[in-house]
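A lone chain, given as structure tokens: the form predicted alone.
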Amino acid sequence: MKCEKCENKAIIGNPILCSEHFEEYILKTVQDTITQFNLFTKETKICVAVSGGKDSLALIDILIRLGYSVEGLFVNEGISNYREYSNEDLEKFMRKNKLLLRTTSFQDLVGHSLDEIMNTEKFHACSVCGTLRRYLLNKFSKEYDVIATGHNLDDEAQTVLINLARGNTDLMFRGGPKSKPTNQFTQKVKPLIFVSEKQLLTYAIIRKIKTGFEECPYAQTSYRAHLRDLLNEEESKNPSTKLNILKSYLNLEKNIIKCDVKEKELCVCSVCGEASQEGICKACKLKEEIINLLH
């Protein structure tokens, strides 16, 4: 199969492109997203939430090639036989590109790794990880203008379906390409939302920025994994399903914003001093629960 733009052999379908034109397509797609949604400029101080996985490494690589200045923030959850491999890829990549990498961990925050927390059999891995990870990313990104995450098209389409299926009306319109700017939280931006999982995997292989593609061992127990498989099956039968879900969501979000829906007012957590919707933030409540179980 030939590339739709030249006579060279295509390496991917939808769009059907050779290696050179595929890279051009990815760079253009990301830059168009940054421009369309006014995510940041060349003067913006950008922190990238990195895990060492293909998505976050591809994001940094793309932003560098587009001329943006970035630094990395790594949260080590403490997952044995998994995180050490992605961390190795991450440190190698950051050294090669002479980029600053800041690190923190669940161990630093609660005194225990995610593996140790899960050994109690009292928590769901994704709930613990999501709560503590969001807390640490915000806490250590305050000196930056934005924090960019590697969420891709698949992630966003899955999130829309999860919130619909679970009736998460409060969370439904907190997605999209960027969060609302506030004084309490670093604004989050998602430059990769129009790039699919498959395209990022292909990009990572072409650019040789990953040595392996391990999946989090806790991922298979999540509701997201179930919906991911269903969505992948539907996409194989009806291409552009994921893109149509995202576009529909963005159109709905635009109309909701026009209705001037009021956000809950934030206060300050009485324990840690970080922003919270309640007197004590979710991370501090979870931390206390973990410490009581493991001490």
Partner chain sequence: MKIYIERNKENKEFDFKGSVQDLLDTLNILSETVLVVKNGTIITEDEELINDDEIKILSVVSGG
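Bear in mind that the values here come from a model prediction, so they are computed numbers and not experimental data. Positions refer to the first chain, counted from 1.
This next part talks about the form predicted in complex with the partner chain, which is not shown.
The contact residue chosen from 76, 202, 141, 159 relative to the partner chain in the predicted bound form is 202, the criterion being a non-hydrogen atom within 4.5 angstroms. This chain is drawn without the partner chain; in the predicted bound form, the residue among 134, 92, 174, 198 with a heavy atom within 4.5 Å of it is 198. Interface residue remark: residue 236 is counted as part of the site for the partner chain in the predicted bound form, having a heavy atom within 4.5 Å. Within this chain, residue 170 is remote from the site of the partner chain in the predicted bound form, having no heavy atom within 4.5 Å. In the predicted bound form, the partner chain sits within 4.5 Å of a heavy atom belonging to residue 216. Contact check for residue 273: every heavy atom lies farther than 4.5 Å from the partner chain in the predicted bound form. Judged by heavy atoms within 4.5 Å of the partner chain in the predicted bound form, the contact stretch among the candidates 26-34, 224-232, 246-254, 64-72 is 224-232. Residues of 5-33 placing a heavy atom within 4.5 Å of the partner chain in the predicted bound form, in sequence order: 9, 10, 11, 12, 13.
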